[in-house]
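Listed next as structure tokens is one chain, alone, in the form predicted alone.
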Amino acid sequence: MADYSWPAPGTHQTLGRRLSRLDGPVKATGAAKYSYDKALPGMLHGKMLTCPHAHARIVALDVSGARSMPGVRAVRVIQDVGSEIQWAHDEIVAVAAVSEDIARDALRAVRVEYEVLEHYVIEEDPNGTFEKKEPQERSQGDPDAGFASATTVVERELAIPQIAHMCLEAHGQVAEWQGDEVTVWASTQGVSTLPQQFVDGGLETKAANVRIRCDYMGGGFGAKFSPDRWGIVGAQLAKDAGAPVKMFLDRDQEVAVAGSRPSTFAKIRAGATADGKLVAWESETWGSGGRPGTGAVPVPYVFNVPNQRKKHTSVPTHLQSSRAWRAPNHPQACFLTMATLDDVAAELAMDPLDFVLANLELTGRFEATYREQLEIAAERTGWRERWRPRTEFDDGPLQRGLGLSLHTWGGRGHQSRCDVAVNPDGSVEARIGTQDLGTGTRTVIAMVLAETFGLEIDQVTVRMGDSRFPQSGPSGGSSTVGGVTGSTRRAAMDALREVFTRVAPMLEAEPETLVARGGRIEVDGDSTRSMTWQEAASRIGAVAVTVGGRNPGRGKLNDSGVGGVQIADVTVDIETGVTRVNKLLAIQDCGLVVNEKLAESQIYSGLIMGVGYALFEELIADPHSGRLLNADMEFYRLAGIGDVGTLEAVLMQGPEHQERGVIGLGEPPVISPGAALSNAVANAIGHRVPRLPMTPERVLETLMAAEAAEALEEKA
């Protein structure tokens, strides 16, 4: 049986090196053309009229003014009289015109009358929802007995709001028909899966006639798996008009309807014994991801508390449906759990590091991993020397604090196919229908090719971003690197074996005794019997050697399941409420590291997004109009370079990690920052800010509430 396994640790020629992205120069210079940049001769501009109401019914619709306007080439009614609209910015009419200005003028010429209906957009009160859903309840062990045995019981109310994806490149595409075939340049996370979705969504053609192209794309994070209504309609407008149509969302539409992360509110009780052993957990949670509501978050997170009782209520609202957002449900669950456990440790007057260590057996398979990571994290941050109880403060308004958190993720590689060709001129090429979200997928595939053939990375070529190439899965769940490296490795190994078979007689050797390294093919152990790669390729014949590979397949090339630890160091100004991040440290398990530089970059990006949702990000809906008040980049605050502090990433490496194979790294680093930063702020100011983001106003409100409570207690 063929052996596709990765080279043994310590023998890698290319894997693990700190190579820069192959597409870095074209992106940095602006030469890279994103889907949004696509401009075709005679291209029209598509725009959509959206409903201004959160809940309404269309009672009259007249598009004649738009149809008759000069420069308008096509008009599509998306929702007609009688349609019930369930969220603001839902699409009603689409037009294609020779310019954006004319398209907008055409939308203003459309006449729509609505019957405005009652709406509900504030899920903080689950009893106010328009649609009741039965709570989901679960329990294990004996929670009542568990709480009875606890010496300390902490009760908390915590909340984490909905946040937006805020992709820099908005959702959309350029569509062009040639006969019955359409090419769509899309900003997508699913190049191979989009053609069938276009057909399923109502485009009247066959999936084989839909070609998706995506050379570069500007942000996905889980929101760009489908063509969406604007994708289908944009392609339909292009067919109606007989000309290519560009249809991308404006920023307010992008924020309002193109994806959010669900909210979670919670009432939690947790009990522990005097020696810090967790014995009981009870939680009531609710939240919303828009119209469908939301599923239960996995609390208690990471720690399988022996006695627990949980209830979750899904709260539908008149907002567009949420979408997968980098580690769905995990950041919420991590914050709710780790913040509560940190408060339990504070009530016990225990160092939270000791408290976590005392309960690591509840983490199951990752106990040893977490223990090692916590030791590294404590040493790198000087935790034992620098941590102080919440009752101790510095002189002056600036208070410093430390907080820690644990997290986990799956990350198994998705299904993927790849064709690898070795040409007579020595060039090596991979063709694969995947996409590069900006994380370095193109570079990773090239490194696997170079490693397998014993070449340098500039001697191989990767062609991707085209649905006509062999199918590969969508980029979600941290599955891409595992998927594409697995299929590429198998195809490359089979192609290399075919080359060995053809040149072995010339070296008077058996094919299985040959190796490829350093740009040469040689007999293993006898470098005098060798030839250059170019010479070997020239002797394979006039036709290229082309082999396909798939993942999963023979040989263990990837795995799933990782653990991570993060520690946050912050300074809080208790006079202004401003929190400054001094440092975020991430210790992360991720299996075989293909490219150390890109792996660290994934961690940095997760930490930056974590600072954003911990300190700044929140979607704010107006309860009266049902519209978002900050659907823009002026009032929806994102973390800037001056907000994130020093970031440090430590990758768990060594034979025991590398032998597991490739495991996805996209999601894990974004899970813990909210919890770690919340715990650091609590450590700094002595009290828990119960709701993210921890804006200056909320920090000051927490301090004032604590001061008022202390005054009442003294008075009593």
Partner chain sequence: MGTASESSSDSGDVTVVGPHDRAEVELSVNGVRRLAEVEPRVTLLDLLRDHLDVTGPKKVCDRGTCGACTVLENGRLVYACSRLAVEAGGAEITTVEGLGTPDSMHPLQAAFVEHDAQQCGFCTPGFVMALSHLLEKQPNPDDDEIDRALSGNLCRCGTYQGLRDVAHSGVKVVSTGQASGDGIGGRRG
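Residue numbers count along the first chain shown, from 1. Since this is a predicted model, take the numbers as computed values, not measurements.
What comes next is about the form predicted together with the partner chain, which is not displayed.
Selected contact from H414, K246, H318, K310, since only one has a non-hydrogen atom within 4.5 angstroms of the partner chain in the predicted complex: Answer to the contact question: K246.
Which listed residue (L437, V428, A586, A327) meets the criterion of a heavy atom within 4.5 Å of the partner chain in the predicted complex? The option sitting close enough to the partner is L437.
Distance check, P9 to the partner chain in the predicted complex, heavy atom within 4.5 Å: Output for P9 is no: heavy atoms all beyond 4.5 Å of the partner chain.
Can you tell me whether R698 touches the partner chain? I mean in the predicted complex, with a 4.5 angstroms heavy atom cut-off. Result no; R698 lies far from the partner chain in the predicted complex.
Looking in the predicted complex, any heavy atom of P505 within 4.5 Å of the partner chain? Taking the distances in the predicted complex, the answer for P505 is no, it never comes within 4.5 Å of the partner chain.
So in the predicted complex, does any heavy atom of E634 sit within 4.5 Å of the partner chain? Although the partner chain is absent here, E634 would touch it in the predicted complex, with heavy atoms inside 4.5 Å.
What stretch, of 24-32, 56-64, 671-679, 684-692, brings heavy atoms to within 4.5 Å of the partner chain in the predicted complex? That would be stretch 24-32.
Counting only heavy atoms, which residues in 70-107 are within 4.5 Å of the partner chain in the predicted complex? Those in contact are E100, D101, I102, D105.
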